[in-house]
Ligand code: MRU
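The form predicted alone is given below as one chain in structure tokens.
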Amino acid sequence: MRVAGKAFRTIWPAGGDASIHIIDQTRLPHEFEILSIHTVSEAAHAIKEMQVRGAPLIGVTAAYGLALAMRAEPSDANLNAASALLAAARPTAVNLQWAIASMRGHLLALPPSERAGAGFAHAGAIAEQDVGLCQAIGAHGLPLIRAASARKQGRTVDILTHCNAGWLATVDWGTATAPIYMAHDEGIALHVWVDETRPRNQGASLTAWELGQHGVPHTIIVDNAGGHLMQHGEVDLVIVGTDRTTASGDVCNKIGTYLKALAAHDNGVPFYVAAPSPSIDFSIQDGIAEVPIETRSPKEITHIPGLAASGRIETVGLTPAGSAALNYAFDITPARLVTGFITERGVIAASRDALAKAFPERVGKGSSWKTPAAE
């Protein structure tokens, strides 16, 4: 995708595979900064501190992190230690465990002497796969926007999205935004309502920034405005991403997604989830009972960073001193509230049978790697 007219991905190898480069998303939208990562510890830090975020990008970063670990020390012991370190960085997004399992299966089959080069090659293949999945999601989601445009006889199609499921959450294109970018590039008149997505403001700071870079018309709204807009006919469809989707179609996504789904259901607005297959966890059925929900630092609620009048990025307090804050990062949207999944294999119903039919090779197989202590 584009930054100031120049093509960028969110992650790429550098220095003859001695390091990887990432866009530091904690500096956006005020500063565009590229960071170099040289070790698996730095990769884990980038994931934990959300310098990279979004389920697909977290997985790719973990894959490159294991490649860096194998360049430093290609032993089984170091592979196990590096895997455990990365797996602990963020517990909810299933792509993280999926990428670790893929890398481990590939590397453990090789002698240690071959693992350094093979690690980077396989991580690169995972990155390219992610780009292909997002492009396919875009191609399958585009007809939904075309159809909405036809119903409105060419008038502007209004799409609401939550959090950031854009190219910043993937390697390129994004999941929820891929159909939007393709529709915009095709010349369809559209406009995106961008939820601010408290407490980290991934919508206001990331989605709005990347849509602006691509020239897509958009408006930032407070998280609680979505229902009001739907009541007044200002939303034609909702497209969100997913951090983990269960075999039955329950969707774990950024906190607040469930409330948007309820509002969409009440107002007859189609609610779609862009779901690449690595984000579908066929090892679990019940999202509410089985998906681990990450609880992050209360400081993300009580404080907020922004651009000060001095031109510096500063963090300020928002709440009374001594007030407690609870920071759940995700919630669960039941399958019954989802109109359909936009996947790399087409738009499918939000049901156990539809998911199993679309991905038969995955049925009955888990997506995660567990530490030896948990086995």
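Because the structure is predicted, anything quoted here is derived from the model rather than measured. Heads up: residue numbers just count along the shown sequence, starting at 1.
The discussion below concerns the form predicted in complex with this ligand, not included here.
Problem - All of Met50, Gly54 and Phe330 with a heavy atom within 4.5 Å of this ligand in the model of the complex - result: Spot residues vs this ligand: full contact, yes.
Handout entry: Among the candidates His214, Arg90, His106, His218, the residue which, in the model of the complex, approaches this ligand to within 4.5 Å (heavy atoms)
Key = So the residue touching this ligand in the model of the complex, by this definition, is Arg90.
Handout entry: Answer range among 159 to 167, 230 to 238, 138 to 146, 282 to 290 for contact with this ligand, defined in the model of the complex as heavy atoms within 4.5 Å
Key = Checking each option against the 4.5 Å cut-off leaves 159 to 167.
Problem - 4.5 Å heavy atom contact, Val338 and this ligand in the model of the complex - result: The answer is no: Val338 has no heavy atom within 4.5 Å of this ligand.
Practice task
Evaluate Ile58 for contact with this ligand in the model of the complex, applying a 4.5 angstroms cut-off between non-hydrogen atoms, and reply yes or no.
Solution key: Because a heavy atom of Ile58 falls inside 4.5 Å of this ligand in the model of the complex, the answer is yes.
Exercise for the section: Please check if Thr246 has a heavy atom lying within 4.5 Å of any heavy atom of this ligand in the model of the complex. Expected result: Thr246: no, not in contact with this ligand in the model of the complex.
Practice task
Using the partner position in the model of the complex, report whether Thr242 sits within 4.5 Å of this ligand, counting heavy atoms only.
Solution key: Because a heavy atom of Thr242 falls inside 4.5 Å of this ligand in the model of the complex, the answer is yes.
Practice task
Taking only heavy atoms into account, state which residues of 246 to 267 are within 4.5 Å of this ligand in the model of the complex, ordered by sequence.
Solution key: The stretch touches the partner through Asn253, Lys254.
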